[in-house]
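In the structure tokens that follow, the same protein chain appears in two forms, which are kept apart as structure 1 and structure 2.
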Structure 1
């Protein structure tokens, strides 16, 4: 994911504002009835980012204990009970030491001692973590957490990293002090060509914003063609359900079809149950024929097929969630689904998820 500095964004917004101001009269004189000024509430709904200086941070608080409860309920199914799972996403916690907290630089990043990077080995600003949780989590219900929930979950993660004690309450009042304890708070650098205005330094590090690659501009009769693409390894293709259906329905970019030839048809026409499972995040944790976080649907069928009232038992399990039957990672409850939707899912699973 690319991140741009606030100065770049500010200049871009300022330029757009000037252009808009100079053309506003023309636009509305010649196209009356087309468009309108955004209302303050509409602007506020989009203006939700939290900066490293904590501008935009909502007021609130949450303690470690409450964060533990929320994490188990809403986060552990993908991240593991202690944020260390590597089955769905890269681990959140681990990889730092008390010395790293003192220095603000994670030694393992430069020494190569880390077997795998985690969120807290890399992140330099605590606002980044708060902002991301608030905007994008949980994965199946983004923007459903209230500010106090985010403070609590983040407090729990900070406690897992031994940055704050178990009785700690994180709030908008003390988050700036926590920033001073982040293990990699001094790990961010602007000494590279992609950072605008980076001063030129010996050895070619930091070259005043000039890109750190060289090429010859070519507008026609170019001899070299560049093809840009990406692939997913087979084992990861179904980890997040049907990617094509998760993209916006406009613009040039489409996600690849990841659930086989059948899914290449419109999901609703091809298989309403599969669409329902994909839309509600079931396919992020369950493969049809393989375990991801939870069991593969083939394993579920094998366990329940000879049990009395298998459909009723599985329906109750899907609705209420649970932990311990298939391992330590809990399945979150799905009370937001209608009873008939759960019934559709269960019947589909018991029929082999076909």
Structure 2
């Protein structure tokens, strides 16, 4: 913010003066017995961030073909084989043109033609994608990839985006060249007033806090008519459950009854198994009566109902994850659940998921 950046500058000049006058211990190592020096191995273990100028990028390489294999194995279950994703997870690839690669601006963003904004329609810095996959993906097993795996997967994604050819090998050496081909590399602006630090003209970011809209505090006869731009659509009134039950039943107002007295009566018997399944992401990939990423629970019942050892088999499968029974899309491992919980879930599924 512009307002205090002046005083801050004054203060940092003062601090600098103190340090340069080598006034020993200007708050440095001030608290006896508190904190200790980090070892180089400790810093190496945690300092994994990669900046746009590639500071922090580990050495390594990987090609499109290897990336394709790894993506199928570790990413496709959520993001789709071609990064197109399904309804549940973030779409990674698609939405850019050869022309965008030339201009560095994704045209679909301004023309409104994009059906959805994928990662590559937005991102302006390739380091961002490298850094994020390395630190956070796959979602259920973050930090399990080696740097070479990340290079390979990123090469595959870049190939899907038609930024690099099918025989490309991405490495720390050529990633800077790839940066120059990113379809939305010129798509960011920092010309706004919402950065809370020093402005661009003082070496920071943005315009120093100048807002982009200006309302005035008119008090009387501020306009002649009230123009309603939008009202609550009917489906939205009921899509959030019974609003009467989302307010106290005493006080100055009541929640509006949106689903009718009938719906309120069978005070939704608590369903701990469904809760457990929802909480643990099972419902994102399985419908009770429909396939999402994995089979519908009804299909699971139909397939296994006559197999006496089904419960044990399915419990092991859910825990370890795997593919091949229902197709090539794998289920990620569910190691974050206790064995008991997985058993409960499998029994609930086999009993009809009610």
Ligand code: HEC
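Positions refer to the first chain, counted from 1. Just so you know, these numbers come straight off a predicted model, no measurement behind them. Definition used throughout: the rigid core is the maximal C-alpha set that superposes within 1.5 Å between two forms.
Between the two isolated copies of the chain, the form predicted together with ligand HEC corresponds to structure 2. A displacement of 2 angstroms or greater separates the C-alpha positions of residue 299 between the two structures, with the rigid core held in common. With the core held fixed, residue 59 shows a CA shift below 2 Å between the two structures. Once both forms are overlaid on the rigid core, the distance between the two CA positions of residue 309 between the two structures is 2 angstroms or more. For residue 336, the displacement of the CA atom between the two structures, after superposition on the rigid core, amounts to 11.4 Å.
Core-based alignment between the two structures gives a C-alpha movement of 2.9 Å at residue 37.
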